[in-house]
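The form predicted on its own is given below as one chain in structure tokens.
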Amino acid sequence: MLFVAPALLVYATMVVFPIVLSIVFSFTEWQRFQVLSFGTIKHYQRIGSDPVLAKAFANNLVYIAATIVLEGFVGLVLAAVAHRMTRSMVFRAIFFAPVILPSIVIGTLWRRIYATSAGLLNSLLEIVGFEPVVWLGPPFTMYAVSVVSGWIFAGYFMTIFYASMTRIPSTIIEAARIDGAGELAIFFRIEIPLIKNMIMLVLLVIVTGGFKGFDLFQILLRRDPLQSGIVLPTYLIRTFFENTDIGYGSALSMVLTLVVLGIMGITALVNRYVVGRIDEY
């Protein structure tokens, strides 16, 4: 216990104590940063009738669905391609490079690419005779941010999938090729089933990360008067800090925590009863 105590103290200070404070704050009536009363449940009652919260939750679902494809599936395909290359170090390094860039650099870069006036995409559209498009406005907002997220993290998940594929015994792949299996059959019938536990882990990371994503939205959508790209984390931050609505912001944080915990529970059940146990590679 003496060895564990320092780690427990840090965990309790940085994680448990803020969670307890958030729970207490969510039942507290505030006027800016002054406590007026305790014991109210009106913040939770307000959640069910908040149209901005419903919009943020819907945007989160769109973002998660898009990133499952752009991060998870694309990363899986890139890993399969790298696994079939004799020397894939340069290939993997190119796609992994965006992961190490700071968010502010990525956000600034893509804001210039998406810019309505003199942006790279609109300049290309004008060359072929099309009108400029407001990429960071409705109805393209969520898809534009999802593309940036996919550009960043597809290489990250490629690395994870590639590591799993390299652990599959080469004798299994060679036997399949001798039996006449093509590359697509090997990919879908051998490699994917043998790394499906890792696929479930990646899906969990993408989904929970989608509900916690903040930096890209904040950088790319600094001016978003129509709130076309508002998601749960940005709405939470704006409610708590910009609007100084501490009680309602704390209630939102509890809802977000419960959503993430619920997703983790569903993933665990799917992993246990649908995916099942397989030989680890």
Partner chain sequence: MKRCAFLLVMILAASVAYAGGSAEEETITLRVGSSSIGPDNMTVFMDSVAEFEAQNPGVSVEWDSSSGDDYQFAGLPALLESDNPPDLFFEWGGNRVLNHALDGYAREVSDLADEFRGDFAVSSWSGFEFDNGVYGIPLNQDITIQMWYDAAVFAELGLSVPTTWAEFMDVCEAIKQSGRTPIVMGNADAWVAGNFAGLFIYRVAGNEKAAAIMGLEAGYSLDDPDFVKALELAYEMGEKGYVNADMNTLGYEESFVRMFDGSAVMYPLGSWYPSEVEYIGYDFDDTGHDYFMVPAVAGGKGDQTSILGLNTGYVVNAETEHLDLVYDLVRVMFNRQFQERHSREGGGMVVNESANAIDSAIVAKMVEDLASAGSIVAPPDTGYNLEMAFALYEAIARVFENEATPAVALAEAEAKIQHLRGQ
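Just so you know, these numbers come straight off a predicted model, no measurement behind them. Positions refer to the first chain, counted from 1.
As for the form predicted in complex with its partner chain, it is not shown, yet the points below apply to it.
Within this chain, residue 98 is remote from the site of its partner chain in the model of the complex, having no heavy atom within 4.5 Å.
Residue contact check for residue 137: one or more of its heavy atoms lie within 4.5 Å of its partner chain in the model of the complex. At a distance threshold of 4.5 angstroms between non-hydrogen atoms, residue 212 is out of contact with its partner chain in the model of the complex. A residue is said to contact a partner when one of its heavy atoms sits within 4.5 Å of a partner heavy atom; residue 227 meets this definition for its partner chain in the model of the complex. Put simply, of 92, 111, 196, 83 only one has a heavy atom within 4.5 Å of its partner chain in the model of the complex, and it is 111. Only one segment in the set 74-82, 201-209, 129-137, 163-171 has any non-hydrogen atom within 4.5 angstroms of its partner chain in the model of the complex, and it is 129-137. Residues 46, 51, 52 of 46-74 are found to place at least one heavy atom within 4.5 Å of its partner chain in the model of the complex.
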